[in-house]
Structure formats: structure tokens, C-alpha cells
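Here we start with a single chain on its own, the form predicted on its own, put down as C-alpha cells.
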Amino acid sequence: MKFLVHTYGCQMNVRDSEAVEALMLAAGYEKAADESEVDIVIVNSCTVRDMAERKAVGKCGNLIAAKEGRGKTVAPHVKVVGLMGCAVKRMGADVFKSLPKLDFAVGPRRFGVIPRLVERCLAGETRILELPDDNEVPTGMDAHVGGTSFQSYVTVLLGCDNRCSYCIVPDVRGHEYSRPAREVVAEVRALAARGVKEVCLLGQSVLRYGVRNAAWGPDDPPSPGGYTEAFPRLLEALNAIDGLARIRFTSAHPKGCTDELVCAYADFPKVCRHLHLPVQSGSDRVLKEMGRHYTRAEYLAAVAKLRAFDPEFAVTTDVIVGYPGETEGDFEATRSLMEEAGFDNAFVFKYSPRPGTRSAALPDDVPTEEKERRDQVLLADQQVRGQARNDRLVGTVREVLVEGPSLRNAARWSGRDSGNRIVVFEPSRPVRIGDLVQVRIREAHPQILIGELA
């Protein structure tokens, strides 16, 4: 029987979906090419924003309609429709009020049971609900789909204990759990042996790795470089793996930008010089309301620390506009912080309340039109800033991991440098996906660099 997994949301959902695919393949199922031949469809949901949740639930509704021989979705053979992920944990049993004919629903940290649930549904059961507790350790986390991929996600930290006022993630993904370091190292070593060149370590607040529970045990070898913090020590161990070329990680919190982390960037050449460091606001008042636990000055100090040893170090961020009570002065404080930090790229989100969060009890008092205006102002600022940052790289030679032909021009190839910048180049000699090549930059744009093989 053939299956498909549809994914909505963040990189952690992408990784969870890949693990589910691997588990389904190991259970004897076959991946379908498209919905026209699929028997089993699993939708991995996001609930961080209302629109993402509605899309996932709507997709399930369309598939259920197709299963019953109605609707517009072309899936004539579908027999089982399941929903997994964060929306299931948020809705609980109410998921069956929205989707009365859903076959199964599985919350985060429980995806390892999906092959067994599919068997039960094929045997005639329906409306099966599996919800994890907040401290559950999932099975199947190290399952990867085989093949020739040169990049892979590896989850190292589950859950989140930060409790930001606007964020529902701690409620749906549970408490923090750091996977044992030896387990992560073994997984990455196996991926490198299979030809993976780049891994991206995932965690909701990845620099808190090893904070809630010990990631390194007393029987683990000591750090050769004398590192004492769990995450830099993990980077040191992964940097020593033969065949692995690059290590990335996301997402970070300014409190984790310690001296040891900066030393790890400097000491370990495989660790890419890029950090996604969400700021959310440049106003100390709003940051306090959000429960971010740092000030504007502390955030800027973290950025300065990263750039002190490498002025080209790439820092990207997330920003929320229109948080309840955000004044024009608060917004201008965000605008000025972004200029002072000199972000290489920024992702701007218009605030929307999520049920159950602290901020949901506050009046959503910034008009939609004003949220849109502030969004556009910050994006326009970032275009100028991104252009200026990239202009400085013209004439330099960047090491680029080749990802494939450019999406906009098939005659060119595309990849990313250590700073996660997109680099497009003319393939003047044969190159392959997964190659590391040297590219001399001759042209810069706000979010892309153009060059030629050096």
C-alpha cells in the first residue's frame, strides 16, 4: 500500500515527517508519487499561527471528502487519513469535532506509533487519538529515509521551557528534553557515512541543549578542548566526524550566546558562521511583556560578540509587529535595533493571538492596517540593509555547498555559503549536487549573491 506525508510548519515538523516516512517504509509501505495513487495520507500540522493550523485541518477535510467519493481532491484510492503534530495536541479530542471522520490523530512526540495506528485503521478502527505527555521521549527519532541526500536535519532538543507570552509551542511540544550526546553523535556519524555533507541541528531553543537534563553522561569522554557547556561540546564532537563538511543549528536565544559558543565557532571549521537569533522586538518594554528575558542592550551585545571575531558572520532574525500595546515608539525602537544589529536577513510576522497563551488575554489593539504598514516598513529597511551587507562581499571567494540548478535560471547553479547566503553561479566546469566549490562573487543583491567558479 502507498502513503504520503504532507507537512506544514517548521523544520522540526519537516524532520518529524521524514522520520515517519522512514518508519512507514520500514513497516513495508511504499511512498506514493502523488495523491492519484495514494492509499494512506498523513498530514503533519502546525499550530504556531492560526492560518497554518487551518491549512492542515482543511487538507484533512478535503482528503476525507475524497475518501467518501466527493470533493475536488483527486485521491480516488485513499483509505486512511491521519493528522499528526502540534494542532492535535492543542485541540485534543476536539479534533474529532472539526474532523468527525478522521481515522487517527497523533500529537508530537508520538509519531513512532503511526505505522501501528495505520494497521489498526486498515483493520477497521477509526477516530484513534494518541496524545503524548509533556515529558515523553519519542521513539524513531533517529529514523532517516535512505537515498543520496547531502543535507539532513537532526533533532537534538525537544520541547521548550521559555514560555514566551505569545507562543503556544511549550503547550504543544512539552518540556525540554536533550537527547543524549552519544545518540546524536552516532546518528550524525551514520548520516556522514551515507554521504550526508551537512547536518542542521534542531531545537526550539537549541542553545539550551543540556540545560533541563544532562546530555553528557559520566561515561562519555571528556572534551579534548576543555569545553564544559553541553552544546559547544556537542559541536566539538560532531566537528571530528569524518566525511561531514558542515554543521548548522537553529533556532537560538540570546542567553545562549556564551563565550564558549563563540569559541566553538572560531575553533571548529565545520560549524557554519551563521546564527538565526530571533529578537521579536527592539523595545525593552515589549520584550518584558513578551517574557523574552533579555534587554535590547543584551541582545545587541550578543550580536557584537559574534561579529567581533568575524565581521562577515551572518545573523538573521524573527520580528513580531503589532504585539498588544505596541506603540509607534516601540515600533521605532525595533526599527533602530534592526539597523544597529545589521541583520543579514529578517523574517517579519504580524502578531496574531493563539488560544491559551498569556498574550491572548490582552486586547489585540494594533489595527490590521497598521500591522501591515509596520511589516512593510521593516521589510523595506531589510532590503536596503541586506544589499549593503552583501555589497561588502563582492570580490570575495565563498565556499559554496552546491544544492542544484537555480530555480530562476536553469543554466545557472545555486548553493549556500557558510553564512547561509544563497549563491548563484555559472557552472563553467562540471559540478554535482553536494559538491563544495569556490565561487568568486561579482554581483550582490539583498538576498542573493551571484558569482563564478574560482
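When you see a residue number, it is the position in the sequence shown, counting from 1. Being a predicted model, the structure only gives us computed values, none of them experimental.
Just so it is clear, the following notes concern the form predicted in complex with a small molecule, a form of the same protein that is not shown.
Interface residue among E339, E328, D318, D310 relative to the small molecule in the predicted complex, by the heavy atom within 4.5 Å criterion: D318. For the residues G210, P278, P108, G82, the 4.5 Å heavy atom test against the small molecule in the predicted complex is passed only by P278. The small molecule is not shown here, and in the predicted complex it never comes within 4.5 Å of any heavy atom of K55. When contacts are judged by a 4.5 Å heavy atom cut-off, Y351 counts as touching the small molecule in the predicted complex. Contact check for V424: every heavy atom lies farther than 4.5 Å from the small molecule in the predicted complex.
Residue contact with the small molecule in the predicted complex: S178 places no heavy atom within 4.5 Å of it. Proximity to the small molecule in the predicted complex, taken as heavy atoms within 4.5 Å, picks out 164 to 172 from the listed stretches 178 to 186, 164 to 172, 223 to 231, 373 to 381.
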